[in-house]
Every structure is written in structure tokens, then in C-alpha cells.
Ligand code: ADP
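Given as C-alpha cells, the chain that follows is alone and in the form predicted on its own.
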């Protein structure tokens, strides 16, 4: 580097600051350093891959123009990451990368990578969480329990930039292994294959890591700007979103995207109203879109999934065959979720290939016995408790949520609160909130009151047993 290069670099930064404004300059270029100028190339460095990717994608031409205005011999820029600086910022810990919104980089092996790991070759994953090549609309098996969710996901995936947004946000909730991640990744694959929209798939955990990393490296403003430039934001496993600052940033991002007409798709293991850890404003905004539940897999759908898995396995193992009675047995016996069904097929395939023995009923019974789980009790919802208790005592649900203190309302309300505490995992404050915004001490009083009465009032005890049976049917 010659003695004039640092001076030119200062003038380049002055030009850039005048063009983009102070706020953008501080977000993106304040910590960019000139390493050297050599053979018509200016070598620059930044502290994170996030900054490198975003500058290369959005500002590299403008930066080059500023250089050429001061140094006409410069024909190319090279931006690298100062990894040593990043290790200093996060001592004794593996650095957490912020979101790489570029087209990805390639490792030593030539494998396409993003800040969050490998992606499919040739696939513009826009950074974010890794995608599974198998999770597309073509491999999604449709049944009664997931028809609506599938139709909504297809509609969202087929939309184009500047189309009116019909479902925003689209919120899909289901238990483990029922297909919500499959649908979210299918939307992402569809959006990234030939669409002009920028689609980003993130787990809630990756969103948190990206935000925390941006705070540590003082690029939070850039992180926010990058997220809000996405056309379709897909967030999986929202129930794992933790931390007040992270939730606040998610809320701001959600509002900014929806208000700007951008699409947001979210999946969680429960409806928005049951996400107790989230702020009321976030829950309200989530509930304002289309909320779709994917129910348990029926036996007919389980059988179709098994047939599909066996057919897919035959593409690589043509001799693999599972008799129809064996498939029917597994569909009846393995009821928990789709992952268990896939595991059952994999076990049969492994046994068939490793031993050379054909798949029989005896083999199937032996191989899948630990996948046969006791039927889980029905998950009781507070809304169901309120509805059934109101019907039993001939009052309205609004009466239970009201401030009325007449005897014909107080007792049913206390019974409903008692059932909510004993049949759900909801906390006392959450139950109070769902009963018209009452304090948790009111709920505790109701629970203790009914507990005391049940031991002495046989009629009330019978009524509560009847209510429990109705709720668990």
C-alpha cells in the first residue's frame, strides 16, 4: 500500500457517505478497512460474512464507482472477512454468523454454502436455515387433516410479486411430525425456483442467533434492513422464540412486512393464543391472519404416506417390496406421526437389504414394536372448557368472561377455571387472561374453592367427572 492509498481511501469513504447518507454508511461501511491496493484491485475487509454478503449484493458497484472517481486505475474490488476480529468480538466461543442474504459461497470442496450451512447445489437459498431437497409440494401426501393447510400453502407459493396478499400472516400449527415444516419448506422451494420474489426460510432459533450476532457485531440496523427487504419471510417453530429484545424485533419485523404488503408464513406447535411467552401484540397480529391447524394423521392418510415412502425407496432399491397386509398393519399400529411412519419403512428397508430376507408380517411386528406408542390423550383447550361448561350450566361463554358476580355465573366460572388448571398445562396468569383478564390470584382462589367442594359435594364431583369425560372424548 502506497502512502497515498490511505488518503484516497478516506476520500472514497467521504464520497460514499455523501451518496448513501450517514445512517447507511455507519451501518455498512464504518468498519470496512483498506488492506492494500495491488495491480488494479483494492482489497478491503469487513468483520462479518453478513456485511460482506450484503455489500457485495447491494453496494459493490457504487463502491467501485467511488474508488474510480479517486483512483481511475482501480478496476475491481475484493472484499474479505477479518476472521480474527470476529474471534476477538466473541471470545472463547464459536462465532454465531448473522444471516447471509447473498447467493451463498462455496467451501473448499466446491459445495454451495450459506452462513447457516450447506444448501442444494445450484439453489439460491437466500441464506437462512438449510432446506431439505425432499420437502416439496410433489412429495407432500394430502389427506383430510391437512387439506386446508396444503391449499393455503399452495396459494401463497403461487403468488407473484405485487399480487394482493390474501392470507397474511399464514399461521400453520400442528403437533410434531404432522407436516408443517414440510409445507413451509415446500413454499420456500417453490418461491426460490424461478420466482422473482425473495423468499427466506428461518427457524426461530436461527432468527434469534442472527439477531444476537448482529447485536454483538454492531450490525443490528443492517440486520433489520435486510430482513425487511424480504418478499416472503418463512419462520418455523415459533414456539422457541425467546428473549424480550428478540421478540420485540420479531414484532417490529412482522408489522413492517405485513404493512408493506409482504408475505409472512409461520409455523408452531400450538395456536397463537396459546403462545404464552409471546407479547400480546404479537399474538394478536398472528391471530389476525389465516390460522390453520393440521390435525392428527388418520389411518387412511397414514397408509398413503407409507405407500409413497415405499415407492420412493424403490427408486434406489428396485427389489424392495412391502406386502399390502404389512402396510395396513403399520398404518393401524404406528399412529403417532409421519416421522415414525418413515422410520418404520427405513427399518424394513434396512433389514431387507442387510439380511436379504423378504419383508414379512413377523419381521414388521418385530421391527416397529417400539414405534407403537399408547394413544395420547386429547389435548384439551381452554375454549373447549368454556364452551362445554357454559352449555352444562346454561350460561353463555361471555358470561364466564364477564365481571358478573351472580351465583349462577360465579360457580360455572370457578368450575371452568378449575378444569383449565387440571386439564391443561396453562399457567395461572394465562388462565386468568383467558377468563376476561383476571388476576392469577382469582384463578387460584377458584381452583382451591372447587377442590374443597369436590371432597364434600358428591353431586358436584359427578358433574365435574361428566365434564372431564366430555372434554376428553
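Numbering follows the first chain given and starts at 1. Owing to the predicted nature of the structure, the values given are computational and were not obtained by experimental measurement.
The following text describes the form predicted in complex with this ligand, which does not appear among the structures shown.
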Exercise. Of the residues 339, 244, 379, 314, which one places a heavy atom within 4.5 Å of this ligand in the model of the complex?
Worked result: 339
For this session: State the residue from 396, 80, 155, 139 whose non-hydrogen atoms include one within 4.5 Å of this ligand in the model of the complex.
Result: 139
Exercise. So, 21, 27 and 55: all three within 4.5 Å of this ligand in the model of the complex by heavy atoms, or not?
Worked result: no
Exercise. How about residue 297: is it within 4.5 Å of this ligand in the model of the complex, going by heavy atoms?
Worked result: yes
Exercise. So, in the model of the complex, is residue 176 in contact with this ligand at a 4.5 angstroms heavy atom limit?
Worked result: yes
For this session: Report yes if any heavy atom of residue 181 sits within 4.5 Å of a heavy atom of this ligand in the model of the complex; otherwise report no.
Result: yes
Exercise. Can any non-hydrogen atom of residue 206 be found within 4.5 angstroms of this ligand in the model of the complex?
Worked result: no
For this session: Given that the partner is absent here, state which listed stretch (398-406, 140-148, 283-291, 245-253) has heavy atoms within 4.5 Å of this ligand in the model of the complex.
Result: 140-148
